[in-house]
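For reference, the chain that follows is the form predicted on its own, supplied as structure tokens.
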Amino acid sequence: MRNRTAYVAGGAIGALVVLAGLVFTFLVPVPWVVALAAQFDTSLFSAALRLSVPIAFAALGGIFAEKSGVINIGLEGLLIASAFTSIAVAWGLAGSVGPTTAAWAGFIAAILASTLLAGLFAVVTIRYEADQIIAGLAVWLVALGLAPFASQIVWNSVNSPAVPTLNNWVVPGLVEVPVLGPAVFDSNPTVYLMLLAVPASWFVLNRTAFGRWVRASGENPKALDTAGVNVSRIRYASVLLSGVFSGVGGAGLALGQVGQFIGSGQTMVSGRGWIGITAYLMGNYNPIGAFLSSFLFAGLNALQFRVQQISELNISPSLVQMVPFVAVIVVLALVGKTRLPDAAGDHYESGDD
């Protein structure tokens, strides 16, 4: 039944794409078509990969937490905390250890900060059985307020100065491969980490004992407990993993793309954690599906930036900026129902606790 649903959803998406193509071809003026077609090049693919990093890592972290039965909607807050920490540490060390070492120190510090905050969330929700949704919102709100406040103290501004960033890694030989070579093999280190983390997460969840325990913890914790596996430890480990992944995502955004912390408004993270949640729901808790969803949104986001620069189109920028979000809603509607783990959001208390 699931395969049949997937085929129907895939067919519906394909039909929609064909229909959109036909409408686009016959109704859109030729100069518009030519101008838009010129935007699809290697640099757009490269930008989509780069923009996918914080979304995909947040999604991977959310998958592990929720698969274990803990709904972690504080991913946005974890991204904010790690982004700020990475910039603060890189800025503080840049004058003493050199730019490259400072950037990597900021990267590691970001993971530690995000993991620490996730650990606090885990204690509150698993040990003290606080409501997971409220606790997740608290993580987001605390990070949203604390990071700009700390930025104001450190730099006397909610925005930091520019700091050393992570340099691109070029893979000799492979970078010469047409189309994919320059887009993939001349990238920031966090892009390579993302491309490794996605299949590794799928393998861990589906082919290892730990992955089976995580899934059992979210589906039937009593059965897992009866089998002699400590449910709380599995949930702690999974939530901490969400902190590690979000830390990489936040550092990837700060040190791999922006090069400074921006604390105004919704901060530089600007909803990427929430989009990560949407991505893994679109992917139905499959790391590969979550990555493809992240890539779809990031690609449309990269495209809308370019579309705004095309003078021939003369479309309102506000309308163009809506395209990625509308596309995500349409795909969500077509993909069908996402099945949450049966015990997601439920507390579990073992007799051994």
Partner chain sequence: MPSWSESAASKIVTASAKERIYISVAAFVASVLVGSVLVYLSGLVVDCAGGRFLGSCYNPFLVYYYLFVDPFVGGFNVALVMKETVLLIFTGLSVAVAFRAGLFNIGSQGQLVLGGLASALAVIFAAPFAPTGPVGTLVLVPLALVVGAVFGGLYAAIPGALKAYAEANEVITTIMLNFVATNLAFFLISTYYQDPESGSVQTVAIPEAARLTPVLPFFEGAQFSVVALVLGLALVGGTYYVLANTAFGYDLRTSGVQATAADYAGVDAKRLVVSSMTLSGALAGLGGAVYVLMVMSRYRTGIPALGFDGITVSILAGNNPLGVLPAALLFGVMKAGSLSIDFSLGVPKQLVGVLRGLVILFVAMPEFFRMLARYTSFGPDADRPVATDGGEDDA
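Numbering follows the first chain given and starts at 1. What you see is a predicted model; the values in this text were computed from it and never measured. Between two forms, the rigid core is the largest collection of C-alphas that superpose within 1.5 Å.
Keep in mind that the form predicted together with its partner chain is missing from the display, and what follows is about it.
> Any of the heavy atoms of V179 lying within 4.5 Å of its partner chain in the predicted bound form?
No, V179 is distant from the partner.
> Please determine whether F149 contacts its partner chain in the predicted bound form, using a 4.5 Å cut-off between heavy atoms.
Yes, F149 sits close enough to its partner chain in the predicted bound form that at least one of its heavy atoms falls within 4.5 Å.
> Does L193 make contact with its partner chain in the predicted bound form, using a 4.5 Å heavy atom cut-off?
No, L193 is distant from the partner.
> Evaluate A209 for contact with its partner chain in the predicted bound form, applying a 4.5 angstroms cut-off between non-hydrogen atoms, and reply yes or no.
Contact check for A209: no, nothing within 4.5 Å of its partner chain in the predicted bound form.
> Counting non-hydrogen atoms within 4.5 angstroms of its partner chain in the predicted bound form, say which of I108, A200, V171, L141 makes the cut.
By the 4.5 Å heavy-atom cutoff, the listed residue in contact is L141.
> Please identify the residue among I277, A216, A94, V244 with any heavy atom within 4.5 Å of its partner chain in the predicted bound form.
For this set of options, the contacting one is I277.
> Assess the spot marked by I73, I134 and M322: is its partner chain within 4.5 Å of a heavy atom from every one of these residues in the predicted bound form?
Yes, each of I73, I134 and M322 comes within 4.5 Å of its partner chain in the predicted bound form.
> If contact means a heavy atom within 4.5 Å, which one of 95-103, 121-129, 253-261, 163-171 is the stretch that engages its partner chain in the predicted bound form?
Result of the contact check: 121-129.
> Output the sequence-ordered list of residues from 154-189 with at least one heavy atom within 4.5 Å of its partner chain in the predicted bound form.
Contacting residue: only V158.
> Does the C-alpha of V328 move 2 Å or more between the shown form and the other one once the rigid core is lined up?
Yes; that C-alpha moves by at least 2 Å between the shown form and the other one.
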